[in-house]
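Let's start with one chain on its own, the form predicted on its own, as structure tokens.
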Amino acid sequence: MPSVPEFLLRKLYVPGSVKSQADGYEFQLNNTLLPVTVTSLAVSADGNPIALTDLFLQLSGKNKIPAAFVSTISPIGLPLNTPLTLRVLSGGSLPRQLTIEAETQEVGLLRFTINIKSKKSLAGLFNRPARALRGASLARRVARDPHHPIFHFTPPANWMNDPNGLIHWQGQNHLFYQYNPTGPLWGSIHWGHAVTSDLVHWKRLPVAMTPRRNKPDADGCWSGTAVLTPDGPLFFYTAVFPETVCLALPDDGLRKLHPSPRNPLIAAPPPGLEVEGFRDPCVWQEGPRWYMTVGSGIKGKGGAVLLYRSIDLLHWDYRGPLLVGDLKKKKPFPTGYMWECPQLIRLGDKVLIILSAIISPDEQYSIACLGQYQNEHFKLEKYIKLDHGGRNFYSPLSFDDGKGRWVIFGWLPEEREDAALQEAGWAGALSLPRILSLSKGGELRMAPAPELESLKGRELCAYSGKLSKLPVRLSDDIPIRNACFTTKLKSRKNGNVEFCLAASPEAPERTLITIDFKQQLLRVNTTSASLDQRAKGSVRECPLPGENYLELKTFLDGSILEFFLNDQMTLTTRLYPTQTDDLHVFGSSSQIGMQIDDFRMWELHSCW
């Protein structure tokens, strides 16, 4: 878990655990999130810091220690589901509010406040018609936002993240996804739902699955997948606090998913494993048996894919780790300490394990592990980055779309601060559909789905010719916002071609797209794309395919940029210019006379 919102941290507090003692009081925390190593701890009561000499800690089954002893030299490990009692020496009354600050090796500073005697919030008690009216008003405002995409899937408003439960069923492709219907920040996770018959035109449907009070998924219905059985689709997902594997059964129309009364199917990680997490089940069938992968990490070793087996989809036996990373390995790139959303698929004569790796609190990306799989064993051949935009393409999920193709979608997070998301009223989108395949040489390929051609409107411009150091306007006089453009270049040993997305070459807001032949890189720089200080911007790099030509396909949709290089490499990033009504594409070259061929641009229509 790369970062932990405060509302989740508050769940560490054991309700009703504050009790008076002869010399003060005590309360309990129970770690249900992820194992951490604490290097310092501070507690304040009603805004007043408690002296470390007056604070004592005791893990269940361990000796009591002073908080002053906890340091980087002598840290304290907090394993999962092990109560921690905090004893405070005090002569006053019981506190009304406690604030806990803990510095950890894994996720940095954790800070949260508990209101011991807080009143129940009245938020959310407004009546249904008022809620619907407010939602419709927000959706209209979001639709007018120039940063909001029109041909990438999104909910009408509020937050979305991982794609879930992708399945082809009765002539339609069903998408479920992580969704917060109450706001544009992560939390209160439901399963949203939409359908498409062609991968690009979508119909939104009502929420399919909702957290239920006093049930395993009370704190959120987290990520999972669908599997087609002889009796129809079944859905496996993650319940949290603690993380468990659960099952949901659909109604006849696949409009509602009903959690099974047998939940949780798997109530805890395998005994004896100290894991970093336990989530995101994915199920498939081999002969009479069913298999499941679960995302995890083994503390001190690296990310892990755990393998389970079943004959009835209800009772699951742990078979061992299918694949474990190496925290020490840095080449071709680090693979991190926790793996999320693992999925095993067969592609030609190879097997891919698709996963998303947490490298550090600030670095995550999606990986394909290419290799061979037989008799519950996976032989890794190589790691491949699925997208060179880092976390900008995350938690991908693929499925057979009924045409014999493996189609993959990923979650596209935002690259701006929470305050900007609150103001905008929305966050997150789905990537364009990408078709997975293997080349004749066994290389992984990812091409934009050909169905995207149906979104094309008028052609905005066409250009072929030589570039100079002075920028040439390639997009004529028509401003662009939701469009795609393609071009072809011959590979060279030196020099570069640069495309500038801006109102003018001198504009302070500009996105630079550089094809650097000397370093064999595509570089996308959005650090000056916006004058809004809440838009972070980044520099992303993608290696050029090792071929004698480059065909670059670029999709610009509001704040989304997706690049495809020879239908082999991809890079996704975000940009949030404050001036969106006069954007153009300019081309230049570091070497006079460098040729670009068949630069063409089309406007793209809405996916709704």
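None of these values were measured; they are calculated from a predicted model. Don't overthink the numbering: it's just position in the shown sequence, from 1.
Beyond the structure shown, there is the form predicted together with 2,5-dideoxy-2,5-imino-D-mannitol, which is absent from this document and is the topic of what follows.
When contacts are judged by a 4.5 Å heavy atom cut-off, H147 does not count as touching 2,5-dideoxy-2,5-imino-D-mannitol in the predicted bound form. Not displayed here, 2,5-dideoxy-2,5-imino-D-mannitol is approached by C341 to within 4.5 Å at the level of heavy atoms in the predicted bound form. Contact annotation for S395: at least one heavy atom lies within 4.5 Å of 2,5-dideoxy-2,5-imino-D-mannitol in the predicted bound form.
Taking the partner from elsewhere, W411 is found to have a heavy atom lying within 4.5 Å of 2,5-dideoxy-2,5-imino-D-mannitol in the predicted bound form.
Note on contacts: among D162, D217, D387, E276, the single residue with a heavy atom within 4.5 Å of 2,5-dideoxy-2,5-imino-D-mannitol in the predicted bound form is D162. S223 is the sole member of T154, T293, S296, S223 with a non-hydrogen atom within 4.5 Å of 2,5-dideoxy-2,5-imino-D-mannitol in the predicted bound form. Of the candidate stretches 456 to 464, 431 to 439, 415 to 423, 277 to 285, only 277 to 285 has residues with heavy atoms within 4.5 Å of 2,5-dideoxy-2,5-imino-D-mannitol in the predicted bound form.
Counting a residue when any of its non-hydrogen atoms is within 4.5 Å of 2,5-dideoxy-2,5-imino-D-mannitol in the predicted bound form, the hits in 186 to 211 run W186, I189.
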